[in-house]
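Only one chain comes next, encoded as structure tokens, the form predicted alone.
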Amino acid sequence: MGRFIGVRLLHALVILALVTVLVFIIAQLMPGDGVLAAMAGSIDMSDASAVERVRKQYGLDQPILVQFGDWLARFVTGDWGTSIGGGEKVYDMFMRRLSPTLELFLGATIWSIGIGIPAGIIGALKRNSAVDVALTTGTMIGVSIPAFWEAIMLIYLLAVIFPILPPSGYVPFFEDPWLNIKSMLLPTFVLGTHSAGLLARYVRSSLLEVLGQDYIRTARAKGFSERAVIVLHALKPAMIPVVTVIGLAWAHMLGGAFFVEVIFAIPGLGRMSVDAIFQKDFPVMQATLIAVTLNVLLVNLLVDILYGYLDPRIRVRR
């Protein structure tokens, strides 16, 4: 198992290194000096001394390899540069906005797993019944509805017509726990809905496939109760393909967080990234892209480890 994890970790490090180089190259491929283009409205571009001073400040006067080495050395030590738009340290901005995004992802994951797995199990056990049809229809709707449309409709329904929840905004948990929970119910539900529908469909199909295997019929013939057959013999192998879906759903939620945080005015990393794109704030964009990549790689590594736990043949083969 240790060798299996080591190989997967090595793969993740290689991908992270390639993405790091790619992120730096993308910034360099922008027409002209990307930093100067972003600061065109705040400095006099006709003033050669001012332009040269900015180039020197951001290391743009150095060869490309020197720039990359200097940026990478500073990045790994926690110096992620300075925001062009606000002049604040990117690392400080990132850490300040990390908490709302983590809370959003935690809530969305709870919705996704809490709805998706039970719905898939019930649908498999009640195959072709009215309950199964209703759950299948619900999951299809959840997968198909765009996040931004669902967010707008829920805001209109639960914040305008029936003013139960706040339409937008964010309150830190330790400042007002109850208001924090109310403000995060809608965005976490919207972000977790698509993943819940996808998860339910995969759980249902995977469990139905496992329930048709010979060893399940053997377990029933031995006199095991239906609950014991499901819990002890069917669920674990049925979760093998579902683990992949959970990893893919996490990556999908990363993309959805950009829209959700903007729509619900949540001051998280997604909204910070969108603002950085519009402002051409390259230090913020670079840090965010690498952080997102690292997050996805860690989730994929966890998925691989769970694969090895659920199916020993995988870790032996690899």
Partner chain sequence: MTEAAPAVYAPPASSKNAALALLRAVTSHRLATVGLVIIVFFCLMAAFGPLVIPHGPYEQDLYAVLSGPSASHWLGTDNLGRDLLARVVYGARVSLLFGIGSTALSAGLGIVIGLIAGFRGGIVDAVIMRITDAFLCFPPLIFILAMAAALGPGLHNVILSFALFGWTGFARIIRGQVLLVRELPFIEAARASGLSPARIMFAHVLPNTLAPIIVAVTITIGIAILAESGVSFLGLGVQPPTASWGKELRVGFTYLESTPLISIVPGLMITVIVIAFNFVGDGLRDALDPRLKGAGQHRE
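What you see is a predicted model; the values in this text were computed from it and never measured. Note that the rigid core is defined as the largest set of C-alphas that superpose within 1.5 Å between two forms. Residue numbers count along the first chain shown, from 1.
What comes next is about the form predicted together with the partner chain, which is not displayed.
- The partner chain in the predicted bound form comes within 4.5 Å of no heavy atom belonging to residue 68.
- Interface membership of residue 177, defined by any non-hydrogen atom within 4.5 Å of the partner chain in the predicted bound form, is ruled out.
- Contact between residue 306 and the partner chain in the predicted bound form is not found at the 4.5 Å heavy atom cutoff.
- With a 4.5 Å cutoff on heavy atoms, residue 144 counts as touching the partner chain in the predicted bound form.
- For the candidate spot formed by 22, 152 and 262, every residue has a non-hydrogen atom within 4.5 angstroms of the partner chain in the predicted bound form.
- Annotated contact segment (heavy atom within 4.5 Å of the partner chain in the predicted bound form): 134-142, selected among 110-118, 68-76, 134-142, 185-193.
- Using a 4.5 Å cut-off on any heavy atom, the residues of 250-273 that reach the partner chain in the predicted bound form are, in sequence order, 251, 252, 254, 255, 258, 259, 262, 263.
- The Cα position of residue 252 differs by 2 Å or more between this form and the one not shown after fitting on the rigid core.
- After superposition on the rigid core, displacement of the C-alpha of residue 218 between this form and the one not shown stays below 2 Å.
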